[in-house]
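What follows is one chain in structure tokens, specifically the form predicted alone.
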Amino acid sequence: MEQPAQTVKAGEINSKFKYEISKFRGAEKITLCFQCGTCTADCPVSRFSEFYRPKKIARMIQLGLKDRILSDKHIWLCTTCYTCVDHCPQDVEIANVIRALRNISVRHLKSLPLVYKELAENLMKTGFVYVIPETRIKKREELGLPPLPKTSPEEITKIFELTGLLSLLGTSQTFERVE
């Protein structure tokens, strides 16, 4: 069931927002979206969520509702399956648009899902996004599987530091659920 439309106030509109988004690789075509709804119709998340609608997100960007969209935690529901991209008649890469929104949102609000922070911390500790238990490593050996690839957590941490991600992880708030 579609949510009722909210009134847009002139003070909310940032007419340059769509151009800010279009500077991100893969999000350049956001202004080409003509609201056909194919992205939403094909989206596996929108089938189970009353709130997550890629078409609505694209329209909010075009209207310049920067603060409203960046503060909406539903942008974190996208699974980046790229089904929307595969079916868009205008080649708008909405999954990449969502990625751009997430990046801007973390910088703007200093907030991200707890799971993202945990995965990044695991990557810096072990070189893998998941901590691999010793029992699993031994089981691999017993099965004659090759050892896991060598990782360099120090290099990953250095990349996080150089890109500013380490600082963002240290200063950002986290949330557990999108409701």
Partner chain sequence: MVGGKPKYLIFLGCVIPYRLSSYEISARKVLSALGVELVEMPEYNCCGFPIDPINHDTAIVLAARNICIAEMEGMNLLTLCNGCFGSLHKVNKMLKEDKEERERVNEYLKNFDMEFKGSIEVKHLVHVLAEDIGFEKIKNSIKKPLSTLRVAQHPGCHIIRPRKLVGKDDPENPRLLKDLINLTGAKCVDYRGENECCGNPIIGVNEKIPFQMAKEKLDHIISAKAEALITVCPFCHIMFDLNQPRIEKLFNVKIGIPVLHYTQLLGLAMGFLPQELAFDELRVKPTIYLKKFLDYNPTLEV
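Rigid core (definition): largest C-alpha set, two forms, superposition within 1.5 Å. Being a predicted model, the structure only gives us computed values, none of them experimental. Numbering follows the first chain given and starts at 1.
Only in words, not in the display: the form predicted together with its partner chain, which the text now covers.
Asks: With its partner chain left out of view, which of Val45, Leu70, Met60, Ala27 would have a heavy atom within 4.5 Å of it in the predicted bound form?
Replies: Flagged contact: Val45.
Asks: Any of the heavy atoms of Leu165 lying within 4.5 Å of its partner chain in the predicted bound form?
Replies: It does: once its partner chain is placed as it appears in the predicted bound form, Leu165 has a heavy atom within 4.5 Å of it.
Asks: Residue-level contact is defined here as any heavy atom of the residue lying within 4.5 Å of its partner chain in the predicted bound form; does Arg136 satisfy this criterion?
Replies: So Arg136 counts as contacting its partner chain.
Asks: So in the predicted bound form, does any heavy atom of Phe17 sit within 4.5 Å of its partner chain?
Replies: Because no heavy atom of Phe17 falls inside 4.5 Å of its partner chain in the predicted bound form, the answer is no.
Asks: Evaluate Thr151 for contact with its partner chain in the predicted bound form, applying a 4.5 angstroms cut-off between non-hydrogen atoms, and reply yes or no.
Replies: Taking the distances in the predicted bound form, the answer for Thr151 is yes, it comes within 4.5 Å of its partner chain.
Asks: Considering only 130-146, what residues come within 4.5 Å of its partner chain in the predicted bound form, judged by heavy atoms?
Replies: Sequence-ordered list: Tyr130, Val131, Ile132, Pro133, Arg136, Arg140, Leu143, Leu145, Pro146.
Asks: Core aligned, does the CA of Lys138 move at least 2 Å between the shown form and the other one?
Replies: For Lys138, whose C-alpha is compared between the shown form and the other one after core superposition, the shift is 2 Å or more.
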